[in-house]
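Next comes just one chain, in structure tokens: the form predicted alone.
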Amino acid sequence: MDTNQILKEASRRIYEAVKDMAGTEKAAGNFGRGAGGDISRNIDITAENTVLDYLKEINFECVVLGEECGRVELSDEPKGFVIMDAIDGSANAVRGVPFFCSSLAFATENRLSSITDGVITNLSTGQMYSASQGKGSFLDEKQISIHKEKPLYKIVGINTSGANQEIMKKLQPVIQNHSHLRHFGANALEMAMFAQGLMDIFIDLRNKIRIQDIAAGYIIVKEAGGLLLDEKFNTLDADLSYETRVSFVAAANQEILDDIFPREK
């Protein structure tokens, strides 16, 4: 079984483990703050343990970098890193809002740019987005790509949750000039939908995003043909440290980017 298939099977097991938990008392609970800094809920712990149990079951030699569990070394000679946000969109999951996902990626080195595989599963529907380096991006078995035509309605994804005044001032022209703004509460799934062509650009300039949130989306967006840039519009890259926080812009093409940020050309 190759790495991509391993991530897919782990994702399938998450879906089976949590599909009936969303919006119920079972989803909640307070297990303290996880390695990523957020409060760990029961649905988060259940999903992470499902992945860890599976990786141990198949003796997959890796280091797991989990949102809740932190760094877990499953081998003295690991082949690389499994970067795991087993539940992205935990607030949605706990309340029963049907927009949350699992995000699993594999990197050979301590850099985003070394990610070779990624899988994002929509845990409300079971639909699975996946990508492997050089092989394209897929929704289930169908290859997907960013939106390539001039859009009839320009859809702008933008995450401003908890953004400070400086960030909001920078984003004010975007918010004022574009009427079709979207944010659903799970960055990984939104990146996957961008890669599917459902949005033309997705923006998060808060410098709050952890590597676990974007690792799978990183390879899925790239393999779908999208631009993935940092806040200075340089190619996005970062280390996999728990202290690392990033901003990013995923754009379908340079024309869209220049249209949304005309003063940043």
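Residue numbers run from 1 along the displayed sequence. Keep in mind that what you see is a predicted model, and the values were worked out from it rather than measured.
Keep in mind that the form predicted together with a small molecule is not shown, yet the notes after this line are about it.
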With the partner left out of view, is A195 within 4.5 angstroms of the small molecule in the predicted complex by any non-hydrogen atom?
no
Looking in the predicted complex, any heavy atom of S161 within 4.5 Å of the small molecule?
yes
Heavy atom of G185 within 4.5 Å of the small molecule in the predicted complex
yes
S90: touches the small molecule in the predicted complex, heavy atom cutoff 4.5 angstroms:
yes
Let me know the one among L240, I209, L227, C62 whose heavy atoms come within 4.5 Å of the small molecule in the predicted complex, would you?
I209
Go through 135-143, 165-173, 108-116, 81-89 and give me the stretch that gets within 4.5 Å of the small molecule in the predicted complex, heavy atoms only.
81-89
